[in-house]
Structures are given as structure tokens and as C-alpha cells.
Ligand code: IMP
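Take a look at this one chain, the form predicted alone, written out in C-alpha cells.
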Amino acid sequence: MSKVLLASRNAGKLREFSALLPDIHFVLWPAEAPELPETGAFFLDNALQKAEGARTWWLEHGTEPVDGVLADDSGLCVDALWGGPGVLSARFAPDLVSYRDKNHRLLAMLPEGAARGARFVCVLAFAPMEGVAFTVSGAVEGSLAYDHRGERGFGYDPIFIPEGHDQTFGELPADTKHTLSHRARACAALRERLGVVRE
């Protein structure tokens, strides 16, 4: 089993990556480490920034050997909001603490009668400890619910209904979500690139 530094402190992402990439043991980005940059205009830019920044810091301050660094930049892109919040998904409504409140605010921003099309996008950047970083991506189309529904998943999951389903990611069982989510598709592409076979 390979050991990989996850360039995130997000416990929800750690749970999903551990389920989607069971052949990898993840080391979580430590509390004492600096915040990683996310100044890019695109998901790909931010994912690479985080992976390469985390690798540089870990080479100098890391407490255990790892085979590489995995960084994720993902978000919800809403057609009626011109693709927003997009790369700003993690920083949307910073005055609100809970995602239930953030989700209610986002839904309230939709113009009355607007189309509710949306998609989740995920770009993963993998930086081996020696060598050039690369990226893979995944996306899932869907629509926005009219209210926060379900407590599974995290973030915007309770307001996103994936195409072909009636339930939100907050309502669907994790096993179902892990067959079709943006992060599942990006992880499948990563496994292929790394030559990892999932049992």
C-alpha cells in the first residue's frame, strides 16, 4: 500500500478518498502546516498550486516518508449563476459557518424561474516526491434541489441532484454516490494513471 499526503484538512474529503482509493494510506495535512494557496482562476490551477506547495513544505518539514501528494480542487458550478460559485465554492458566503446556511443562501440567489442545471467538477493533482505533477478530472451533471435535503456527504451535497436520480447526494447512500460523483470519476482516472487496480 502506498502512502500519500492529502493536501487538505477536510475530514469529508479524507473519508471519500479513503473509500475511493482503498489501496492508498492517506496522511492528512497537519494542523501546524501553512494554508495552501488557491489563487488560480481554474480548478486545475488551484489543484496544482496545492499539490506542489504541499510537496515543497513536506520535503522540508514532513514527519514521515510519503510517495507523493494528492490535492483536490472541486466545486459546484451553477448555470443560473454564470458557473458560480465554481472555484470559489469553498470560500462562498464566508460569514456563514454551516453548510446548511450556505446552501440556503445559494438557493436564494437563483433568479425566480431560472433553470436549475448544475454540475460538480473535481480536478486532482498528484505530485510524486520526485518528478512532475499531473492532473486528472471528473464531473457529474445534475440540477439543484429546492431545499437542503439529507445529511449524508458534506458541503453542497444536500442541494445537488445527480442526473438520472431523484435524491440529492445528501440523501443517496454513499455506495451509490461513489459510483457516479465527480470525485469518484476523478479517482478512477487517477487509479488508471497510477496503475492502481481496485478490487
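The first residue of the shown sequence is 1; numbering continues from there. Just so it is clear, the model here is predicted, and its values are computed rather than measured.
This next part talks about the form predicted in complex with the ligand, which is not shown.
Stretch-level contact analysis of 55-63, 25-33, 147-155, 128-136 against the ligand in the model of the complex, using heavy atoms and a 4.5 Å limit, identifies 147-155. A residue is said to contact a partner when one of its heavy atoms sits within 4.5 Å of a partner heavy atom; residue 179 fails this definition for the ligand in the model of the complex, lying far away. The ligand is not drawn, but in the model of the complex it has no heavy atom within 4.5 Å of residue 18. Although the partner is absent here, residue 171 sits far enough away that none of its heavy atoms falls within 4.5 Å of the ligand in the model of the complex. In the model of the complex, no heavy atom of residue 185 sits within 4.5 Å of the ligand. Residues from 4-34 that approach the ligand in the model of the complex with a non-hydrogen atom closer than or equal to 4.5 Å are 10, 13, 16, in the order they occur in the chain.
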